[in-house]
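Two forms of a single protein chain come next, each set out by itself as structure tokens; they are called structure 1 and structure 2.
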Structure 1
Amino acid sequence: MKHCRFSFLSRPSFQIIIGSAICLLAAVGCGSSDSGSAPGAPTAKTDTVKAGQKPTVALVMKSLANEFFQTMQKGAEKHNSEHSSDYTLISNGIKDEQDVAKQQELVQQMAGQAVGAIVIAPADSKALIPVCEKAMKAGIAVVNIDNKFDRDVLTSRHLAIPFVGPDNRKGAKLAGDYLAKKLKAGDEVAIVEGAPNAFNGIQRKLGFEDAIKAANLKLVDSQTGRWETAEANKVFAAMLTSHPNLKAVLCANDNMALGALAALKAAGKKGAVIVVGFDNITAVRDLVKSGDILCTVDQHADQLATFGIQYALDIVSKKASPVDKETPVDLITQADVK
């Protein structure tokens, strides 16, 4: 077949490149889908877990580029190694947090492999519901962690997917209340929000606002930093200029708090404006200790997946009925960092 329409495809060098690239990608792909033992029989449709058979739990996370989900995965792997006789773990993440389609695909793949349970941190609180519904109809237990599915959509579809996770709004309120103690009524504050389409980002903003209202602080500006350090840096630098009397900034995650802190330094206002973060990532611990960042909030990512997996196993073995479970949220201040 030398007369290929796409003549460049028949060039041997090109074929070799493409061929080796595909092999390489396949090898990389195999390498990354860890804890590789093959999941159960793909034909099982109704009752995926037979008596005496070890169930497979699929953990579907958001971006593994995010420290929060890295910690979550490590927590899950640790739990799995301690309970390796109870279940097999397959963990997967998507490339970036906005990649909703890829996560839908992942859920379908996991359902196709007839796993016993899917524990999912959805990238979108609505768009992932239909694929999860299909998985449930195939007899797979689904547990929702981290980012809560939209209640209205669940109700309209007559679905009950249990949620195991922290109350982001409550966490943000804790941080806001702590900040309020350092300020007086009428002081100007600003919020740097997470990505505008993220449920947890919206909840954190609401929690900050709850605290601001309760303490009669004045919210003068609230804009998104899209979860990123550099973006938050730019946005907050502009906010600082337009609101010279700003007393504090509440950031929906620690990466953005780092960006805000850098903006303060550049403007020579370090110490004059208080910075509050969220997530308790390693990078901010020293800054909380030194007082550069007033406080942050720990949602215990490592335990989050563990709770979800444990709960999924309980549901599979019919020990638990699906209801929501709240996980702890802790305020981290200078006194908590040693």
Structure 2
Amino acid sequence: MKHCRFSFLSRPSFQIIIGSAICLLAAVGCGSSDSGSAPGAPTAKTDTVKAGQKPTVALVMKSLANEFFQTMQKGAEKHNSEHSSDYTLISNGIKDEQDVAKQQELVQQMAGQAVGAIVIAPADSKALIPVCEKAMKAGIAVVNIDNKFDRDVLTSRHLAIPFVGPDNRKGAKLAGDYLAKKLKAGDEVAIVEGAPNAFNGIQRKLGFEDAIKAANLKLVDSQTGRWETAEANKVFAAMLTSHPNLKAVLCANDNMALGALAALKAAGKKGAVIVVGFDNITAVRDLVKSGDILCTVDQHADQLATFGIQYALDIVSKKASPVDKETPVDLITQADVK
């Protein structure tokens, strides 16, 4: 994984003192970045956390209706309770996986509270970058988790925001390779994709495709379920009608795997088509154990936010150089579920 340097961009703040026609202009903070400096070059220490002051870290997640992010939140709160003397945690998220505007608003609110760091799992890999850039200009450290920001957009804006998270393509290929052992060359398979504006969704699709190609399986359909159970149910029900010889479906998250399984039950085809998921939520673990779902992929939701939070604290305290960090991803099969 490519490592990058991280830049804290400054925000000049100005105070005008009126008296005797004298104006005093004072820049407060870490100082302006030299416009001729290389993108991502480090600047002086930010002013959002005063010396000796306990920093506040804002965790901004995607849909809290998704069990994955509920688990992430619980993990973050547990970490904070164990390190309450080190930092204050503000934890929040959106209701709808696609409510990008609300997540942008949350980031703005956190920046307005002058938190020391924002740890964000963005709903959109591109649309959240500008508001995070504003936070950085205010001297706030930004750490990206779960869904990676778009590299081209970061480059075009001369930004370097560290990503802490798993290799989603590798994780999806693990699941796809395991599925391939249950099938034979030429068997028809389909993919229910994540949101098309999410880097992790794109990477999971690519990982599934890598495995499909390697096993000489036949990909007959690939459509987005937008991370949602109901949407995946509708999409996959149509796939079943269009492709009666379908042998398996690979879903880019577990919520959509639940939707696909429900569609199979409704069509009277439960057990005739193999279902694969991604995220290792509790509901799917139980189904993996029972054999209703073949496998899922664990990216350790309970630890992912804490990895990002600890890294943000290290960056704020200058104990770490901000570069990308890859976190664990593991295949979960029936043999792994106790």
Partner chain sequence: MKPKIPPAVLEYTGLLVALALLIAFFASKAPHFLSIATVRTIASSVPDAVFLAVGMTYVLIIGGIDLSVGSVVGLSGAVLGVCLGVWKLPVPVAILVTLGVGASIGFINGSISVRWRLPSFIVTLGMLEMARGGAFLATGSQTMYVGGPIERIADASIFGISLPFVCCILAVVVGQFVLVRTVFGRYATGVGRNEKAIRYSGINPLPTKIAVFTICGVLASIAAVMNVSRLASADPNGGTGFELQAIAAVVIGGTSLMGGRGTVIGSFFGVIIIAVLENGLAQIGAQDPVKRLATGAVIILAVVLDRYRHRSASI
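None of the values given here were measured: they were computed from a predicted structure. Only the largest set of C-alpha atoms that superpose within 1.5 Å between the two forms is called the rigid core. FYI, numbering is relative to structure 1, first residue = 1.
Between structure 1 and structure 2, which should be identified as the form predicted together with its partner chain?
Only structure 1 fits here, because that chain is the form predicted together with its partner chain.
Comparing between the two structures on the rigid core, is the C-alpha shift at Asn197 2 Å or larger?
Result for Asn197: yes, a 2 Å-plus shift.
Rigid core fit then Lys134 CA moved by 2 Å or more between the two structures:
Moves: no, less than 2 Å.
When you overlay the rigid core, is the Cα of Val153 off by 2 Å or more between the two structures?
Superposed on the core, Val153 moves its C-alpha less than 2 Å between the two structures.
With the core fitted, just quote the Cα shift at Ala230 between the two structures, in angstrom to one decimal.
C-alpha displacement of Ala230 between the two structures: 3.6 Å.
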